[in-house]
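One chain comes next, on its own, written out as structure tokens in the form predicted alone.
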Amino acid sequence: MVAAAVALLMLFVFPMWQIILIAPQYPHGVTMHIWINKIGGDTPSTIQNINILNHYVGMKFIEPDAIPELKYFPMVIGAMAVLALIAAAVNRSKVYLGWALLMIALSVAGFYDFYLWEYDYGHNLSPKAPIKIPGASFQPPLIGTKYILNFTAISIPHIGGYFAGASIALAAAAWWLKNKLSRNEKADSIADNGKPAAVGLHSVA
């Protein structure tokens, strides 16, 4: 569980997600990095370049300061790391499992929020866009690859995302190991209680 807490805190060190846009004019791709508390890219001008592309089709500009999730997600992750350490101190398998299930629930909620964010950016287009394609949407994939006009959009976890997944796996491993140790201790206790008491025999010459 301590390792799970450390793995979760890696979200403050590495990006948790990345969206890569590849097109003839960007053969090497433009990569946007989504951190737990900010949005950046592989170059200082990444967000600016993406916003220029978005402008042509009427998508909103990406403005990290206007995204509330980037403000409260760090508090959520910090709280979960503290709870992981508390779970380690409590040292009960049910607490380990509860933490893992809570992390899974938060991850599902995070994916759903990410989907809504992408949907809003891809569908709520400006009527004053220089390029208008009736019925078209420009929503990136939640995960995987999607072709949008002449762009290939790839949405996959970054290093921080894999660490977050590892934290859940570590908590699940802690739960399994704790249950296994408890079963072994119980079996040993039953075996010890079932042994006949030793009786000393003394012969008198």
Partner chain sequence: MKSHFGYVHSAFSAVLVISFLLLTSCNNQAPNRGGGAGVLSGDVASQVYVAPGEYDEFYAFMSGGFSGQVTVHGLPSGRLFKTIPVFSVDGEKGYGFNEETKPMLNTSHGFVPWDDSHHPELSQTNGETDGRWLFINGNNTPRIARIDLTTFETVEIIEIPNSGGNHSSPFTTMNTEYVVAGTRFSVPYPQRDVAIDSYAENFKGVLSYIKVGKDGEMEIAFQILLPAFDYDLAHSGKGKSHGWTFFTSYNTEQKNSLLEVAASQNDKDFIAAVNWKKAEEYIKQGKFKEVPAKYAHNVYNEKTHTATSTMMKKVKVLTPADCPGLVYFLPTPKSPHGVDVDPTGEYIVGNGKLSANLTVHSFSKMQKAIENKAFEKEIEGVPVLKFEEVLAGVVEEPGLGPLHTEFDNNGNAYTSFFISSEVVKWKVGTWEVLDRTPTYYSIGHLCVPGGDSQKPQGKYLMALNKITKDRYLPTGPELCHAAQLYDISGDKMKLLLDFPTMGEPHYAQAISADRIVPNIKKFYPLEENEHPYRALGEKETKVVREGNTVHVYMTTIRSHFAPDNIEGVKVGDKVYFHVTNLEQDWDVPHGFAVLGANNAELLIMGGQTETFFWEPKQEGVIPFYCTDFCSALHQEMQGYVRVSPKGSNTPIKWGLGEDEFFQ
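This structure is a prediction, so every number in the text was calculated from the model and none was measured. Numbering follows the first chain given and starts at 1.
Here the subject shifts to the form predicted in complex with its partner chain, a form of this protein not shown in this document.
Picking from 149-157, 176-184, 42-50, 162-170 the stretch near its partner chain in the predicted bound form, with a 4.5 Å limit on heavy atoms, gives 42-50.
This chain appears without its partner; in the predicted bound form, the one residue of Ile133, Ile104, Ala129, Ile86 with a heavy atom within 4.5 Å of its partner chain is Ala129. The closest non-hydrogen atom of Asp65 lies beyond 4.5 Å of its partner chain in the predicted bound form.
Taking the partner from the other structure, its partner chain in the predicted bound form has a heavy atom within 4.5 Å of a heavy atom of Gly58.
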